[in-house]
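Take a look at this single chain in structure tokens; it is the form predicted alone.
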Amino acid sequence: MSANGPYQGAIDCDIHPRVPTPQTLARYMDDHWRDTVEVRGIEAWDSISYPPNAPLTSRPDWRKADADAEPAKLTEATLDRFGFAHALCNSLFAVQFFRDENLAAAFARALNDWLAAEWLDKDPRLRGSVVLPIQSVERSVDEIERRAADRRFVQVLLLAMGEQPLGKSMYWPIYAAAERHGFTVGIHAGSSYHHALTSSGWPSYYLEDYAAQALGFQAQLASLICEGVFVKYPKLKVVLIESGVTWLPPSLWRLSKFWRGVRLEVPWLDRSPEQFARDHIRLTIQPFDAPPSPAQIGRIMDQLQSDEMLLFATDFPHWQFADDAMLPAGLSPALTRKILIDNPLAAYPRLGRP
């Protein structure tokens, strides 16, 4: 596939730099927090969401020669190879795991500074997500304000499962700051792991964990809509990253059906949950959890009732698709362009700003 192929000019909405070690991030901390990392022995931090030996961890051809260890290797493997215009870096260092909100804020600040210096500074095509210390709403807002002037950061990043549903009004100052500065809110598959992933307790296997992420996204979608986040912040866009796609139509159908019966409970909702989702929710297409038949994929697109909701993503270096077929089969040229370019530009207002 040459850089003049069908992905020319595409915007990759989900790539993952290698998770830095705490010692690496300590170099971006002040003396107090560097000493804290050393004294408390915060050393290795393996990625729980993608265990090293899990089949979904990486494509061997993309991780060859540590392809995701350096920006130059990453851009060679993806942007240069396929002709992408931009790629959005979503770092999965586990800031959300810490119980200490001060420690979480220190790591979030260092992580965002590390991403700017070690990745964004090294290739003008790269864009970043501001990882938030969600343990503290006040510190999360501070981090948004601190990074707002750097236009290379286009999104603030949260996880699908944590301490509270994300629509709760306690989190609204985050959305107010994001909307004020034109940030998109990204919700990525993952958990703080402070609570069980399922309503019945802890699962035994990674397979259960990965499949259960869709349930977390459903809960966050319902919370954001029902609590009135999009009524309060009408310009806000939320991108569900690595959520899958096929769960959305039946979830919205069920939510909208019951809304019609109990709308008195949420009088601020002036239209159905389906309409709110089409106006404010976007999803990355990796993983595209559907049968490979073009006819069946066409039915899913019909169920979405929108050609604006899907965003292109490779999920580099994870292995979510075979070979180089990064789009679902059977899409029209017009829809292909929307997914690759137009929809990401609309979903991320800061992409178009100098």
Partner chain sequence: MPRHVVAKAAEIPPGSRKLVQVAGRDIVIFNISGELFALSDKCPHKGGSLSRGKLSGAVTASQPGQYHYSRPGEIIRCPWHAWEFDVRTGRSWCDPQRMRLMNYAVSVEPGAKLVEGPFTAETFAVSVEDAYVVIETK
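Positions refer to the first chain, counted from 1. Remember, predicted model here, so these are calculated numbers, not experimental data.
The next section is about a form of this same protein that is not shown, the form predicted together with its partner chain.
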| query | From the list 73, 125, 232, 151, which entry has a heavy atom within 4.5 Å of its partner chain in the predicted complex? | reply | 232
| remark: If we test each of 83, 249, 228, 173 for a heavy atom within 4.5 Å of its partner chain in the predicted complex, the one that passes is 228
| message | So if I measure heavy atom distances to its partner chain in the predicted complex, which of the stretches 202 to 210, 251 to 259, 95 to 103, 237 to 245 falls within 4.5 Å? | response | 251 to 259
| message | Is residue 121 part of the interface with its partner chain in the predicted complex - any heavy atom within 4.5 Å? | response | no
| field | Heavy atom of residue 194 within 4.5 Å of its partner chain in the predicted complex | value | no
| message | Is it the case that residue 138, even though its partner is missing from this view, gets within 4.5 Å of its partner chain in the predicted complex, heavy atoms only? | response | no
| field | Contact label in the predicted complex: residue 265 to its partner chain, heavy atom within 4.5 Å | value | yes
